[in-house]
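Coming up is one lone chain in structure tokens, specifically the form predicted on its own.
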């Protein structure tokens, strides 16, 4: 039983003993005490006023006195209005600290015998990854790591959108305007090279449309759009020449994607390709027709009535028997279950697709998919820049590679100004600047609740004194520096056990460390890395203050020195693990 459960059960017994009223533990509201009050945990006593027939302050005093007398973990209490603040005994914190210090991978949950599939990234092969993809990728990767730490078996997948009219537009533009150039001949990153031709196509279509309008032919279709459609028809007919071009240009894009993924520090367990999955789902629809889950209209198209779920009627097969995106998603979900037998499936997709996933999940329930109750759409808001929104077709997107280069350059400038890594080799400097720059990018995005729209500011993200990744990295670097210096000394760590009178700051740090396993579980339940990010920031902030206010290597006694060094060890390990769950590395120096 953990401390929170102990306290909840103790309050249950106290209410029964003091007022003859029986309640359940989940009826006891227990929160972390606000920092401006003395205490560790706060009990809300308002719900007990009816049974006790007393004022909240009186109830708080009576319950507090009972808990101090009967519960070893409670050392003292105070009452503020209707809130009972409990002070946990130093002996409890000391015992917990010794146990956590001796626990390898402290914070990780026990195996849950449950498998989760996480789909993220899922890009188109007509352009490079951009800032919007970065939020998607970071959310997917971090959630995967957090779910793993919480005890789940996790598989990471993506579906690559490698077919369709948008792909043909890039192909057509390269045919018409490329003059045979390649990524190698232009010394251009291969996915950027293909993306250039997607923009070139858009420019040509826009110019042709403007010419038609000027000629009074507003309703006419630009010739280049008709050519792109013809290219798509040839692709669908397995035209060898078109398929060869498609494979070549997609190969260029995949090569570029892989480089970006490596630089971001992410990977996948399996890739799915829309060119292989777009025909899936039709048999499932036919099966659903036979079971009256779907219905056929007079024109031959197949639909599903979802009004009972407060949705609408949804098309799942066109009148000519061809699939729509929903059909494909049905088939792909069932294919993945055959591959992974997952209990849950998390789709990391922007909030513009909220309705689509409500429909998909309802259809999967009606089809009786064994994982239907475990489907979840991790919906996230768009990412803007201080200058405003991005537009792919106009070439105004911020490429993921360019953004990473920018934050790493900002980190390099800061390092040069501070002079803290002077004397290191160029390779070592580059490694540290990369770690700091990517920490700035990743933390700035992941600290925001996924559902919120956000603005990314590269300069603000690398601020060593702000709510940033580098600020947290600096706390870890400080702890490592202290521990390196301690390694040169003769420290009797056995004396740490005799240090029993904790300073307020030491107890607060231990109480914060105590919450780490629960933070991981909470973050996993909510599919929200910002919970872990907030914890890491709070721990770093508390450690920075402790480092400033207390001497560690020159502590007042040998016992205090040994204890504080062990405290540094657990803080450094916890920060390193917490940041790793966000995909962030901790540098040795900065």
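Bear in mind that the values here come from a model prediction, so they are computed numbers and not experimental data. Numbering follows the first chain given and starts at 1.
The same protein has a further form, the form predicted together with the RNA, not shown here; the description that follows concerns it.
- The RNA in the model of the complex comes within 4.5 Å of no heavy atom belonging to residue 68.
- Although the partner is absent here, residue 405 sits far enough away that none of its heavy atoms falls within 4.5 Å of the RNA in the model of the complex.
- Under a 4.5 angstroms non-hydrogen atom cutoff, the RNA in the model of the complex lacks residue 521 among its neighbouring residues.
- For the chain shown alone, residue 551 is a contact residue for the RNA in the model of the complex, at least one non-hydrogen atom being within 4.5 angstroms.
- Here the chain stands by itself, but in the model of the complex one stretch of 369-377, 195-203, 90-98, 475-483, 475-483, has heavy atoms within 4.5 Å of the RNA.
- Out of the listed residues 452, 229, 176, 267, 452 is the one that sits within 4.5 Å of the RNA in the model of the complex by at least one heavy atom.
- Of the residues 307, 299, 490, 219, just one reaches the RNA in the model of the complex with a heavy atom at 4.5 Å or closer; this is 299.
- If you check the RNA in the model of the complex, you find a heavy atom from every one of 46, 319 and 418 within 4.5 Å.
- If you take 569-590 and check each residue for a heavy atom within 4.5 Å of the RNA in the model of the complex, you get 588, 589, 590, in sequence order.
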